[in-house]
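This document starts with one chain, in the form predicted alone, laid out as structure tokens.
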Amino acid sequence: MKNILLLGAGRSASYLINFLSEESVKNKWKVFVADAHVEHILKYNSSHLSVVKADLNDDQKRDDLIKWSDVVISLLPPSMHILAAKTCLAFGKHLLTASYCAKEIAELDTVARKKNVTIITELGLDPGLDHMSAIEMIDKIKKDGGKIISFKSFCGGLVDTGSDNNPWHYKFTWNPRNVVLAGQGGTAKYLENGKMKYVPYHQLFRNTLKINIGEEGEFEMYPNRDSISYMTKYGLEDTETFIRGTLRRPPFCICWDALVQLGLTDDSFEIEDLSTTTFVEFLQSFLVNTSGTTEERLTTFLGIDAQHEIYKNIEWLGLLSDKKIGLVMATPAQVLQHILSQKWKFEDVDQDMIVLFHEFIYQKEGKNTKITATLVEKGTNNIDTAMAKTVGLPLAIATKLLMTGNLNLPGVHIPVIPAIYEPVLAQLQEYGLQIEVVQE
């Protein structure tokens, strides 16, 4: 009997576990789901699924689980993927993740090829489904004789407007820590009209692009990390505009920018004795001007008045309250996450949605043509979310391909190869994940 191992089973795991559970019965596989917290996993009822409670920070325990598996899926924190990858290589096991391909993972390519091991990263939503849907369109345009001169790709995990009851228009539908630290991986780089653009973190959320997407209305986009590195991977080295970005609803970005400017997203140092510190005292410690009330100091620092939506949204978070933080020691980012986890909690009645949008402008026979490709998916409830569906199913389908011998691709890859994206996209359509293409 072949074994599948899922390391970590957080917010994005429901569709993945259901898919693997059903396929394991059909194919007589065994699925092991390992996590430190298993209560939410026990509801999955299958004779071919086993739940393992384990501290996955324990190297020996993690290695023992991988040793007896054929394919490993890691939903661990990104920093732990390299540990899983090295163990997979040691035992000749395939590995799939939804996270960005870190440099240390990419450097395993030669060894993976020699050991006939497949490692596929960036196999979720963004990165993942965005790559696959974009490459499919790029290949079609090229085969039809078109030359792409502009490519823009935006994606966001959001709360559905019908469930939206907070002025930030955002709730946590995936890892809260990743949301708080978003954009801190280095200066964002992209190409616009043949010119390089660089956006450092402290300017990231004030350099946004407004965009309207059909019935869903207005969004704003901030650029993702290093878009330039994907130009070669997409085969668009000679395009004039190439940008990948994250979507949010207004006024998220201008309000988040205020938190960045205050220093509340800093994760580089710890603050002691927070157990008796109030939220307003925490905020005051970042306001260097000492005269006036907290309201006056905050509005002066941000250059706004107390009627501005930035001020009102900061107040709504509770940062001006006398409530005690209750943490012993934490970084500013961890304190902010602690606050947001209460205010942006995804409730039982909530529904999320993901929006994926590509824009292609290509030349053919002296004429420019624009094509847009849009996917809007809304979740069913706070478990079967659109995020879980669009992150989990690509991983699940690729796992099936490996387990059935329909994917033989040694080395380290992202899903920009037809052998990966063609069967994955084809099966995603069976789950209603259909991208709407419009030519203007």
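Because the structure is a prediction, the values reported are computed rather than measured. Residue numbers here begin at 1 and follow the sequence given.
Heads up, the form predicted together with another copy of the chain isn't pictured, but that's what we're talking about next.
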Closest heavy atom of I314 to another copy of the chain in the predicted complex, within 4.5 Å or not? no
How about R297: is it within 4.5 Å of another copy of the chain in the predicted complex, going by heavy atoms? yes
Can you tell me whether Q307 touches another copy of the chain? I mean in the predicted complex, with a 4.5 angstroms heavy atom cut-off. no
Would you classify E359 as touching another copy of the chain in the predicted complex, given a 4.5 Å non-hydrogen atom cut-off? no
Which of 67-75, 279-287, 87-95, 340-348 has heavy atoms within 4.5 Å of another copy of the chain in the predicted complex? 279-287
The unique member of I141, V117, A182, I271 whose heavy atoms fall within 4.5 Å of another copy of the chain in the predicted complex: I271
Which residue among Y230, F219, Y190, F154 has a heavy atom within 4.5 angstroms of another copy of the chain in the predicted complex? Y190
Suppose contact means a heavy atom within 4.5 Å; in the predicted complex, does that hold for all of I354, T380 and V437 with another copy of the chain? no
Mind listing which residues of 253-272 have a heavy atom within 4.5 Å of another copy of the chain in the predicted complex? V260, Q261, L262, G263, D266, S268, F269, I271
